[in-house]
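A lone chain, given as C-alpha cells: the form predicted alone.
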C-alpha cells in the first residue's frame, strides 16, 4: 500500500514535469518511519519517533539545463509546486553538458528478507525492554560498572523512482541498531568499552550479549597506563575495522573523488597495494549487508562490484551515478543514493561494503602477538592525504597492551597517523566472522604495523 502510493506520486510528478515543458524528468518519492531510544547514566532519557516523507524531482530541458529539488510533501499541490520550482531552477541554470540523460529501464527483482514486519512494528515498550536488559546485564557483571549509555533505533524506509524513459522501481527495507557503552570506575580512574549490533531484523539484536561484552572490557579498562607512541602490531576489533573501511571505500571508490583526483585508485589501480589476503566488494544483494536494496535512487539495478581483489585496487570498482557516469561517457553502476540517504550524502559511494573473512578469530590474533595493541574502536578520523589514504584519529572505548599473547593492561588512548596503503600492506590474520554495521560488513583484523604518533589526555 505504501509503495503503491509512492509510485503513484512519482509517476504524477514526472507527468506534471513533462506537461509543464520539461524534456526529461525523474522523480523519487519516499517515506521514512524512524524511532530512537537513547539512554545515559543507566536510564532512558529520550524516546523519539517520527514519520517523514517527500519527493525529489529532477527536470531536464532540451538544452540540458537541469533543476533538482526536494520537497517534504506527498500532497498533490505540494508535488506540483516542487515541479514548478525545479523548472524555475533549470531555466535559470547553465546547460550541464556532463549529463547524458537519465538511466534507461533495466530488469530488476524485489529482494526477499529486506523488510521485517517485527522491526517495522517495534514499539517504545519493546525498545524499553531491550534497554532495560542491557543496563541490568552490565551492572550485574561487576560493582565497578558505574554507568551504561547508548541508543537503540528501528527504521522502516520506502521509496519509489520513476523517469520519463520508462524506469519504474520501488523498494523497502527495515533496519535496527543498538549501541551500548559501559563506564567502570576504580580508585578515581575510569574504564570504557562499547559494543554495537545492526540487522534488518530487530530480533537479531541481543542486548544481553552486547552489554556483557562491553561491561567485561570496561572493567578491564580501569587504571590505564601510558605507553610510548611508535609502530605497533595491532589487533583491530570489527568496530575499528569498519571505521577504516568506511573512509577507504568512500574516499577511494566514489566517482566524485576519482574525477577530482583525490582517489588513491586513480594512481594505484592495477597494483597490489594491500595484503594479498584482502578482498573487498560492494554488494547490496548480499544478505550480510544492512542496506539490502534491489535498485539505487535512480532505479538502476544493484549488482556486485569488486573493489579490491587479492590486494589489488580495481579501477572497475569506481562507483557512478548517471551524472558522474556521463562525465566519462560511461553507464551508472547503480550507486545513486536513494532519496532518504541523499539528504546526508549526495554523491555515489559504496554503501554495501563487505570485507571477505579469513580463518582466524580475535583470541588467536591476540595469542600470536608478542608486543602490540588491541583496539576496540576508532574515532575522530580525519583524512590527511587522500591519494595515499593517510588518516589520523584516536583509539576509543578500550585500548589494551598485548604482551606475550595476552591483554596485559589497559592503556591511555593513542593518536594514529598512517597511510592505509602501508597499514594494510601486511595483514597476518583475518577473522572468520563478518559483523554487519551500517555501511559495511567486516571481520576482525590483525595488522603487522600501525603508526601511533601521540598519547591522548585520557
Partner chain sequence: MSQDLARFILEEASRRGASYSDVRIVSIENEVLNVRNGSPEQVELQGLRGFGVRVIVNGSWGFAASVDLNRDEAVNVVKRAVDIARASSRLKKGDVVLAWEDARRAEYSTPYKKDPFEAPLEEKLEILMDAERSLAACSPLIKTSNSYYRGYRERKLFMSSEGSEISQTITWCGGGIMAVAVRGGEVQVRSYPSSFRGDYSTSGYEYFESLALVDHAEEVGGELVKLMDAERCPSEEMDLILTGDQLALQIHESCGHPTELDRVMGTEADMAGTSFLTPDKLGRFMYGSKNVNLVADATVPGGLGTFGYDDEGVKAKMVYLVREGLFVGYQTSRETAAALNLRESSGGMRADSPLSLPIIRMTNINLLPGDWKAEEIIEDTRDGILMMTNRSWSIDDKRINFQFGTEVGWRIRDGSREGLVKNPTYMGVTPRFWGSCDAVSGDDWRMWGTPSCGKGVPGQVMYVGHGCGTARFRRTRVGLI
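This is a predicted model, so every value here is computed, not measured. Residue numbers count along the first chain shown, from 1.
What follows is about the form predicted in complex with its partner chain, which we do not show.
Which residue, 273, 340, 122, 135, is the contact with its partner chain in the predicted complex, using a 4.5 Å heavy atom cutoff? Exactly one listed residue reaches within 4.5 Å, namely 135.
Given that its partner chain is left out here, which of 371, 109, 209, 93 has a heavy atom within 4.5 Å of it in the predicted complex? Of 371, 109, 209, 93, the residue with a heavy atom within 4.5 Å of its partner chain in the predicted complex is 93.
Contact of residue 287 with its partner chain in the predicted complex (heavy atom, 4.5 Å): Residue 287 lies outside the contact set for its partner chain.
Taking its partner chain as it sits in the predicted complex, is residue 432 in contact with it (heavy atom to heavy atom, 4.5 Å or less)? Flag for residue 432 set to no.
Just to confirm, residue 224 within 4.5 Å of its partner chain in the predicted complex by heavy atoms? Answer no; every heavy atom of residue 224 is more than 4.5 Å from its partner chain in the predicted complex.
Do residue 409 and its partner chain come within 4.5 Å of each other in the predicted complex, heavy atoms counted? No, residue 409 is distant from the partner.
Spell it out for me: taking its partner chain in the predicted complex, does every residue among 129, 379 and 451 have a heavy atom no farther than 4.5 Å from it? Yes: each residue has a heavy atom within 4.5 Å of the partner.
Name the stretch, out of 292-300, 232-240, 320-328, 306-314, where some heavy atom lies within 4.5 Å of its partner chain in the predicted complex. That would be 320-328.
Do any residues of 27-60 have a non-hydrogen atom within 4.5 angstroms of its partner chain in the predicted complex? If so, which ones, in sequence order? If the 4.5 Å heavy-atom criterion is applied to its partner chain in the predicted complex, 27-60 yields 36, 38, 40, 41, 42, 43, 44, 45, 46, 47, 48, 49, 50, 51, 52, 53.
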